[in-house]
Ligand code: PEP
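One chain is shown next in structure tokens, namely the form predicted alone.
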């Protein structure tokens, strides 16, 4: 059960305390409060967990603090949509709005290597009006002898360069809870020149202790990648671990499924499930064409496979694209063969804008009465 409070109700409000006093007396029921930041107002949602089937909705709705109550009978209790059109979709972080209605491109380095390459990337993004990027400092690898990322040593200069070039949000994978503290410390030391979106990679989709740790922090939003060898339902339930611990500002990323049926691409592209995730949950949806395709191959029409599949995701309603670029792919320390070239950035961005606009046109057609 989810209780939606009136927009003017704050925690110190007597109406709020009156409601909590009642909830604390309910046998076998515990509650969690979540603050949801909308475009124009901040709302508070209270989630009732446990033996809630005996809780009377009418009694709850009679409290002055309460706007409405919905009973949750399906999975994804916090992140789910639950057929409630009034629920806020998305969030604002560091001045950037993420929702199921807009779109952002996170082009950047899969793995940070040198300050020169990071600066070239961020400078190019700024010149094309972009305020988001991806920069990998911590890199889990299949081979234990492969480059694992520069870690906390690169954070200060990555963040300072982001501030220099107006980058507001950096998607950065974490593999251990201590890395959250390292990111926080580096941001503080550099004066918070940018923001970070913590990324859960596909290998850690079901690392539940990491998910709990990331969920307990309330500072950073999370980009959660689908597991490449598990079902969509299992991945959505794993994302719910984040929300159950307190972090509901989550973006769900489709990045291809591990399957020989996807050959010659690296993974089977699963972007047809973009509308499914948007229907089942209120999470914005990201697509990762680089790790789905895994190459720089072009179709006979001259368009890169990466651009083709990214466009498919956006035409289906995706709200974010995570894509690899590199100034010198041949020298990239991770996934160089799939990184796009810097001179391809303008065309890629124009293509993504056109694809999102085409989705908006499709939406208008289907919304006609």
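In this text the structure is predicted, and so the values were computed from the model without any measurement. Residue numbers count along the first chain shown, from 1.
What follows is about the form predicted in complex with the named molecule, which we do not show.
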Segment that reaches the named molecule in the predicted bound form - one of 134 to 142, 206 to 214, 239 to 247, 154 to 162, heavy atoms within 4.5 Å: 134 to 142
Among 130, 194, 281, 202, which has any heavy atom within 4.5 Å of the named molecule in the predicted bound form? 202
Flag residue 167 as yes or no: does it have a non-hydrogen atom within 4.5 angstroms of any non-hydrogen atom of the named molecule in the predicted bound form? no
When the contact criterion is heavy atoms within 4.5 Å, does residue 306 count as touching the named molecule in the predicted bound form? no
Report whether the minimum heavy atom distance between residue 104 and the named molecule in the predicted bound form is within 4.5 Å. no
If you check in the predicted bound form, is residue 110 within 4.5 Å of the named molecule, heavy atoms only? yes
In sequence order, the residues of 156 to 178 that place a heavy atom within 4.5 Å of the named molecule in the predicted bound form are 173
